[in-house]
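One chain is shown next in structure tokens, namely the form predicted on its own.
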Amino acid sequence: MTATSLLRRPETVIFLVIVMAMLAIGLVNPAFWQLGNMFSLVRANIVTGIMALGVLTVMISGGIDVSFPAFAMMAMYLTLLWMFATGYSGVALPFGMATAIGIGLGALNAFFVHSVRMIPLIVTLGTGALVRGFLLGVIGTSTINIDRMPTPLIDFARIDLLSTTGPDGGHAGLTAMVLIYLGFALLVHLMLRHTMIGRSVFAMGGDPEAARRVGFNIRRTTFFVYCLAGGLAGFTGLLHVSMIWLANPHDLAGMELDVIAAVVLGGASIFGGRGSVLGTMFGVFMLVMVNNSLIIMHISTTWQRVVVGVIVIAATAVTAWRDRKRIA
């Protein structure tokens, strides 16, 4: 690969933008470089990043998913209620249960998209609203505070790889949950780049009819991508509440904007057939870093949403222009 082609890759572009942004932010506010803030920045990448891996796979296949925040909260809430009812005190089984619930909900999306031939955006808007409404109206709206949160989940999410004490005596740690994020990223990358199902995801996103003619199973691929997105959402929902020690059924609402923005910012095409795990991770880091920097500079959350909206529009415009240029 030549230096020119390397510089044209979306991953390289977003990496250079991240480096320049970090230098600029550090000059404006040196507190950005404090070790505690760096650890916090890494921690903030985990939930958004794992969910973005599922959305990336769906977008590469030519679809879209905005239901995953609702799926995450449903899986989390049902799992916690089961733990309360049974008194179960482990970790592996609850995460497996939450993942299974997410996969089941993802299969519902896939059924409507493939079998009923509905538009993915409409399907996932509908299933997301349905699941969130069921959660709030049937299961309940009570918040589960730290005093009721299962201790094994809290202890699991509190594991640190590194820890340090700041000048003010405050504790800062690099959470071990980042290893879970990196592990999922590696698995999704290997799946997309080195397996037949990964090739079918790219082929379906490029041209579904052509993919069908060369022998790819479109039904299986559709169910795979939506179940993967749902499973990752379910797992991440439980991981999220384990890390913040609080379960609120209203939580994660609006997160779909951040995740889709990160995926598009990382170079994934809104028309399908293109995207990478590395680019998505860079996109997540860029988005989290911007929000983190605005918080450090005491800018209100309202303006943070404005910035995210601008990023979505700009990244989508660049992607559309790039795709039109390649077609021409």
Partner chain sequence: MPPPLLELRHIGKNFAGVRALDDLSLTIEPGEIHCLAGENGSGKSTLIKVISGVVVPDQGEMLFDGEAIRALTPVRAIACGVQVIFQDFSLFGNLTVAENLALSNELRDRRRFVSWRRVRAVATRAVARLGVDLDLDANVDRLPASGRQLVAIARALMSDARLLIMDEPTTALTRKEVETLFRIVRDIQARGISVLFVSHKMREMLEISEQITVIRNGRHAASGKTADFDEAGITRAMTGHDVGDVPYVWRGGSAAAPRLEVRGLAVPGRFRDIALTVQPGEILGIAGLLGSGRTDFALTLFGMHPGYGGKIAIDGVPVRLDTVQDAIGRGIAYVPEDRLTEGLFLSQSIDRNLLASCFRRLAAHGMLNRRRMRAAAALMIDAMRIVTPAGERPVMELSGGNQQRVMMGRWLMTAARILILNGPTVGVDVGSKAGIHAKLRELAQEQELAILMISDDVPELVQNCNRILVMHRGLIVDEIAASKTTEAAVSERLRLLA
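Residue numbers count along the first chain shown, from 1. Keep in mind the model is a prediction, meaning the values are calculated, not measured.
In what follows, reference is made to the form predicted in complex with the partner chain, a form of this protein that is not presented.
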Counting only non-hydrogen atoms, which stretch in 68-76, 95-103, 235-243, 196-204 is within 4.5 Å of the partner chain in the model of the complex? 196-204
Interface check vs the partner chain in the model of the complex: of Leu121, Val214, Ile159, Leu179, the one with a heavy atom inside 4.5 Å is Val214
Contact residue in the model of the complex, chosen from Ala210, Ile146, Leu187, Ala253 - any heavy atom within 4.5 Å of the partner chain: Ala210
In the model of the complex, does Gly273 have a heavy atom within 4.5 Å of the partner chain? yes
